[in-house]
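Just one chain is shown here, as structure tokens, and it is the form predicted alone.
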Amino acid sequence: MDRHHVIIIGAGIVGVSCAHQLIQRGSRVTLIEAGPGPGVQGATAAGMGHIVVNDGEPEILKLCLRGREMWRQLLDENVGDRGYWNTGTLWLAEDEEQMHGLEGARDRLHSAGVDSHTVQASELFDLEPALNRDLAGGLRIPHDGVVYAPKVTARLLSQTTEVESRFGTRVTRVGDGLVTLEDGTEMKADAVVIASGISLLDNLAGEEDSPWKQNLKILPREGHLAITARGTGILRHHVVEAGYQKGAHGVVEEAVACAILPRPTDQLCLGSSRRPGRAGAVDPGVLKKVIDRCERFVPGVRRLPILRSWTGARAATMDGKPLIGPVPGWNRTWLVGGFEGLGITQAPAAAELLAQRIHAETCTLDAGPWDPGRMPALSAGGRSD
């Protein structure tokens, strides 16, 4: 009997994580990617690479926590561009009101089993001497970390044997268990997994007017980032301003917040911004706002030499939750995307959940919050041998 065959569209960190999970379950996997290799374009290549457990909706927290746990297991906490660098995250409060909010976040994280603790202003600068001296305090989450997503993606694929990879190959149409390539070739499989980021819903055959698709549009959100030259690693923690979460959800116009990520190469990745739209050319005005906001929390950042700046696009959904499950009404085509800024963190957990559903296993996490049929409620498919 032929092995259960899965076609995965997209070789970013999510698609390769899906391949890794499905191969472990005995599937035969064909990985199709329009780009020249794994993890070299899209959000995987453009993202900061933070692995964070955010205080927020409980289900999203669970997905982040499971993702972080899996990354630590997969990468053995090795320092370097193919490993997991345990930096911890330090959320920074500008005033007592924000500090009170961080104390509430600490209590909620503790309830979910997440190690975290508040840091008063007097202690803050022992942890990070480069921080501005007028900050009110912070919240430290010690087990968060950093990965260099392009290298980690390539490493994971190289360790996932028996995957048939087709790079430089574009998909133009997807049906239920059916894929059409740009040259007209049709490929059938027991399951098709779409993990193509902001183009997640673009090529679904005959679904243009479906009510569910109108409600579950992918909303691209452009962001600006910059990286400093080597020898400028003046921080040990990933530092983020407490007000970051306000800009991360429900963005209609432009939002800018301080998020500075140290890299094991002794560099700093400076962010971040959000505004509607796909990635375009670097806007000098937006980049200046990002760097100025970072300067507010880490004086002197503005004087550090910038090696490179770029833009990328996060794929968001209408309700702020990723899509992990079957196309509504279909049995053999599955979606995994719409993670906004948490795709790298959540990739292994989302891939595990998708593989468990495809193979009709008991799921580690509740599948309901992520099912693409949640608006409107439609029946979910499952493995059909």
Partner chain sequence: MTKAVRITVDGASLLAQEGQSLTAALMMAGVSAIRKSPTGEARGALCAMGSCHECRATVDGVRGVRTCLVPVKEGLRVEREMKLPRLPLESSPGGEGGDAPQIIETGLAVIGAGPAGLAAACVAAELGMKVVIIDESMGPGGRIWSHRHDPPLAARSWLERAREAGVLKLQGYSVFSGQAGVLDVARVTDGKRVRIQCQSMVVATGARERFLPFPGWTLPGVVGAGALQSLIKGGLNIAGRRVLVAGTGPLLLAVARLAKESGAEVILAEQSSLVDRSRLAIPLLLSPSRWKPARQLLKALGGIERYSSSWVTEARGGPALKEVVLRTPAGDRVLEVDGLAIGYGLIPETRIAAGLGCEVETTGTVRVDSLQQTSVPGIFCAGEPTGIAGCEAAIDEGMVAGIAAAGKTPKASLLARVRRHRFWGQALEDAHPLREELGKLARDSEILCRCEDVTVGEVSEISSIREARLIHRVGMGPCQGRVCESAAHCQSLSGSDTIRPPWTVVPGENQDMSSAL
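Numbering follows the first chain given and starts at 1. Since we're looking at a predicted model, the values are computed, not measured.
Keep in mind that the form predicted together with its partner chain is missing from the display, and what follows is about it.
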Is there a heavy atom of residue 213 no more than 4.5 Å from a heavy atom of its partner chain in the predicted bound form?
-> no
Looking in the predicted bound form, any heavy atom of residue 105 within 4.5 Å of its partner chain?
-> no
Distance check, residue 132 to its partner chain in the predicted bound form, heavy atom within 4.5 Å | yes
Report yes if any heavy atom of residue 238 sits within 4.5 Å of a heavy atom of its partner chain in the predicted bound form; otherwise report no.
-> no
Using heavy atoms and a 4.5 Å cut-off, decide whether 232, 282 and 308 all contact its partner chain in the predicted bound form.
-> yes
Would you mind picking the one in 166, 302, 217, 188 that has a heavy atom within 4.5 Å of its partner chain in the predicted bound form?
-> 302
Tell me, out of 96, 202, 254, 292, which residue has a non-hydrogen atom within 4.5 angstroms of its partner chain in the predicted bound form.
-> 292
Counting only heavy atoms and a 4.5 Å cutoff, which of 144 to 152, 180 to 188, 270 to 278, 105 to 113 contacts its partner chain in the predicted bound form?
-> 144 to 152
Check each residue of 27 to 65 against its partner chain in the predicted bound form and list those with a heavy atom within 4.5 Å, in sequence order.
-> 36, 37, 38, 40, 41, 45
